[in-house]
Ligand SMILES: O=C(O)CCC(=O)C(=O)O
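Presented as structure tokens, the chain that follows is alone, the form predicted on its own.
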């Protein structure tokens, strides 16, 4: 499985974005999707937006080493202990990328109404140049990037079984999102492995 650099993203992104559309074969990707849906301890968190507490439009879970504490959008995340499926996936990403992770933010997009708004993963706990490995299982979803200054946009259709890596200055210069869709869509699990800086 050779690395595929997304040509359009490479042209526009100041940082680096790598994409393997077939990191896992379809049957294995389907199996991992079902295992994650059934085994991960999903919950729907609430965050404050425009002075009101609202449900985030997806389910999520935070797993990691005991001291891998993380906060985003004012939401403190205490890690749940690693479970076997997530440990297996973490090890496979580490072997491929030569990078060690101590945590994962898991997202479960149940249908086309679940989404992720524009943001950058630039919290201090992720270091100056965050290195994030993102696995996708289930429904193909549109992943969008937007340059903070120029407004230039890049889009990728993230395939089931794919691996996306965001590194370098990407978080400093770009935002990303996973928008809602007008089409009826099935579920998608997204696992974003990270290294929390102590």
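Positions refer to the first chain, counted from 1. What you see is a predicted model; the values in this text were computed from it and never measured.
Only in words, not in the display: the form predicted together with this ligand, which the text now covers.
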property: 4.5 angstroms heavy atom contact with this ligand in the model of the complex for residue 195; result: no
property: Residue 121, heavy atom within 4.5 angstroms of this ligand in the model of the complex; result: yes
property: Residue contact check: residue 102 to this ligand in the model of the complex, 4.5 Å heavy atom; result: no
property: Distance check, residue 158 to this ligand in the model of the complex, heavy atom within 4.5 Å; result: yes
property: Sequence-ordered list of residues in 175 to 198 near this ligand in the model of the complex, where near means a heavy atom within 4.5 Å; result: 176, 178, 188, 190, 192, 194
